[in-house]
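Both blocks below hold the same protein chain, though in two forms, and each is given as structure tokens: structure 1 and structure 2.
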Structure 1
């Protein structure tokens, strides 16, 4: 389990994170979505202990990254957006070198390296230099390294960037596999549709602040076709009428949005008017997942 607890971080005059809190439970894949430069990578770098927070803490299976970093790091695997390695090393040799930090002997590391590199699709590249690897191969190599100690928690930082369709499918399937195994996975992206098919929940961040946390079902529900109606009044009778035709939700004192409408707009309006209810404006609302995301961003900007 990963717990981000009231984390703040500033770089000179720029506030990168402002009191960020959320959690990733076991057997759960959580999407971390925000525009580029909004704090996703900073959050993840703090969570894995390579960047200290100004305030707050991160707990990995109950271990504080600040107070017990060595212990906490044993329970987490990290795949960065842009893995940086010594490019002159051959893949298996460099894996063995990195595995030494986990106390593995050369023989143990070579055996594990062959196994894990094969699992991530690099079984034919054991003796290739990392300089010859594509960006997707480097990310697969980083994944193999992150699995050395078989951690129960994983952080994927924009891992889908620059990958071909096969690479994207690989990381998505892997996240789902980790969830089935009871692991906690945080999967960051600046594109909501990238995480749609794999995440249980999505945490939205903008300008270093959390602006929403929703399940994928809630997001699809809010993005589904709906009818927005501006009425002369909204009372119990109006709500009961609209409930026959869908799922009404009051937006403010005189506007209601009818989600999952089950009849034509004309039928709904006809009954409202026949009951003496004034209808000032009606419009169809249809949002894609990305439009839903940007509506959250707009609301956050207007609320600043």
Structure 2
């Protein structure tokens, strides 16, 4: 379980984070969605203890990242957005080196390194220099390292960025597997649809502030069900009826789009039909995940 507790951080004049609080429970994959430069990476850096916050704290399974950093680090794994290593090391050697910080002996670390690097798909690159690693390989390496201690919490910072389809599938499946195993996973992205399939909840951040926390179901409900209805006629009555169920918008002579429908399609249809309005076609519009996200952003901007 990861608890971000009232974290603030500023870089000189830029306020990167402003009183950010949320949590990632066990057996849960939480999406962390925001536009570029809104503070996702900063939050994650603070959460893994590599960047001291100006205010607030982060608790990893109850251990404060500030006051009990070593223990907190034992319980969290991190795949950075752009992992950087001491590049003149060879992969396995650096793995063994880092494993030393977890108290593993060289022998143990080598054995574990072979196993984990193989698991993340780097079995062929054990003796390759890290400088020669591609972006995807570096991410896989970070994953292998973060699994040294088999921690119950993970932070994935835009892991899907720059990965091939295979890599994307790998990390998605991994997140799902981690949830099944009862771990807490924070999955940051600037594209909501990217995390849609794997997240239970999504935390939205904009300009260093949390602008909403929704379950995925809620988001789907709030975002997707725009209903496009092709009617025999459109008049004031029809518009009034539809207004009871959502926010209708006339597209052309016969077509109406109903945003934010508050009832099931069947209920709306039966009402229309019972009033003798001919319904020729009903279509759900599915592309509005990002629209939902943008509307949140817009609201936040307007609310300022």
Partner chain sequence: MILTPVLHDFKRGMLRLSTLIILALFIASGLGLTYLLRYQFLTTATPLNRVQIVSIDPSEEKLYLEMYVFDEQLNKVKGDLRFTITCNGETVVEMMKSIDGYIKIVDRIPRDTSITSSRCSALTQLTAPMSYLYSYTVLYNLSVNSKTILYSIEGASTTSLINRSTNSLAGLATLKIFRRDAELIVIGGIYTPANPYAEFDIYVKNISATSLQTLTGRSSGSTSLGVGSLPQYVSISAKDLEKLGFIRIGRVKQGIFNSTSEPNIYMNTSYLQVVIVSSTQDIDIYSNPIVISVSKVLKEVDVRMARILNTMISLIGTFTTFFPIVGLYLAYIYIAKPRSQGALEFLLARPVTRFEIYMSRALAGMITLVVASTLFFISTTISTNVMLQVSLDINSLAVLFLGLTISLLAFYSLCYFLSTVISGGKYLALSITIYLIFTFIWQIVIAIISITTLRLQQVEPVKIVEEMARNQYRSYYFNPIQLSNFYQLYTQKKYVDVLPSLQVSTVKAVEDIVNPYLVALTSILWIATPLVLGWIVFRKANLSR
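Everything numeric in this text was worked out from a predicted model, so none of it was measured. Numbering follows the first chain given and starts at 1. Here, rigid core means the biggest group of C-alpha atoms that superpose within 1.5 Å across both forms.
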Just one question: which structure is the form predicted together with the partner chain?
2
Establish whether a shift of 2 Å or more occurs at the C-alpha of residue 36 between structure 1 and structure 2, with the two forms superposed on the rigid core.
no
C-alpha of residue 67: shift of 2 angstroms or more between structure 1 and structure 2, rigid core aligned?
no
Threshold 2 Å Cα movement between structure 1 and structure 2 at residue 270, rigid core reference:
yes
Between structure 1 and structure 2, C-alpha offset at residue 245 (rigid core aligned, Å):
6.7
With the core fitted, just quote the Cα shift at residue 255 between structure 1 and structure 2, in angstrom to one decimal.
19.4
